[in-house]
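For reference, the chain that follows is the form predicted on its own, supplied as structure tokens.
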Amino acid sequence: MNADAPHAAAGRVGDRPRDLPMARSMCWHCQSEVPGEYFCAKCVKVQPLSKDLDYFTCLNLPRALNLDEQALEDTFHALSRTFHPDYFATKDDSEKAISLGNTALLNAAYRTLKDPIRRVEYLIHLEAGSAGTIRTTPPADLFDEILELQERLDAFRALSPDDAPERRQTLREQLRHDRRSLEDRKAQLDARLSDQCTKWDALQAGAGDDAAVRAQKDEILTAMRALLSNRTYVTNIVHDLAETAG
């Protein structure tokens, strides 16, 4: 590989200038100023990305939930080439460690933002901190139905393959029906979550962040957290039903 490739890519992704926060404002090696550059202009040493860099900023994306997936892919692959450990195989241990650290941060950011659900979970964590903890709770309107489902599931598991085949088959069909119903509910939760994501992006794209806008954002974050909590619960039961009753 061309040893000059990383330096040539420094500060740019495609044809666009790139400025990401580094871990420090001065080069760790020669103490020269490195204002948002990947490589020191004086000693050409690779610079560490800030450990406080959020994943959206890391991949040059707005803090939105309906992302430009092509921009995500393009930026990730360009930065991955810039910091790829292969380019630093002959460098000193410090540069190798920085290359690995930057690559690990990029990979974590990409995996998180590429998945729509993980993206929402991450944004809630960014915006709400510990108050954004997502717990697993059943939808309130399904509580009684889920209790009955659990009783059928326990009864089915208690039967051996050779015990009461007709009863076993009846329970299996009931559980499969339960699974289809819950898959429909999961789709409804996904649709409601998508609506909240669209509302969030509209507010995020608007000008200003006054108290009224902040209150609306907090309301959306609360709604998304509740939807994710219900969704996780339903998803777990659907998975359980699929493994148990097919």
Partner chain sequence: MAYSDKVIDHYNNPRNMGSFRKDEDGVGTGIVGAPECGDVMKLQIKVEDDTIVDAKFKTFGCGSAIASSSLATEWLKGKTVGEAGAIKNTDIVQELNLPPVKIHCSVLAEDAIKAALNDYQKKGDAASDAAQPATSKAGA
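The structure displayed is predicted, hence computed values, not measured ones. Positions refer to the first chain, counted from 1.
Quick note: we don't show the form predicted in complex with the partner chain, though the next part is all about it.
Here the chain stands alone, but in the model of the complex its contact with the partner chain, taken as any heavy atom within 4.5 Å, falls in 150-158 among 170-178, 81-89, 96-104, 150-158.
In the model of the complex, Asn236 approaches the partner chain with a heavy atom inside 4.5 Å.
For the chain shown alone, Asp144 is a contact residue for the partner chain in the model of the complex, at least one non-hydrogen atom being within 4.5 angstroms. With a 4.5 Å cutoff on heavy atoms, Thr232 counts as touching the partner chain in the model of the complex.
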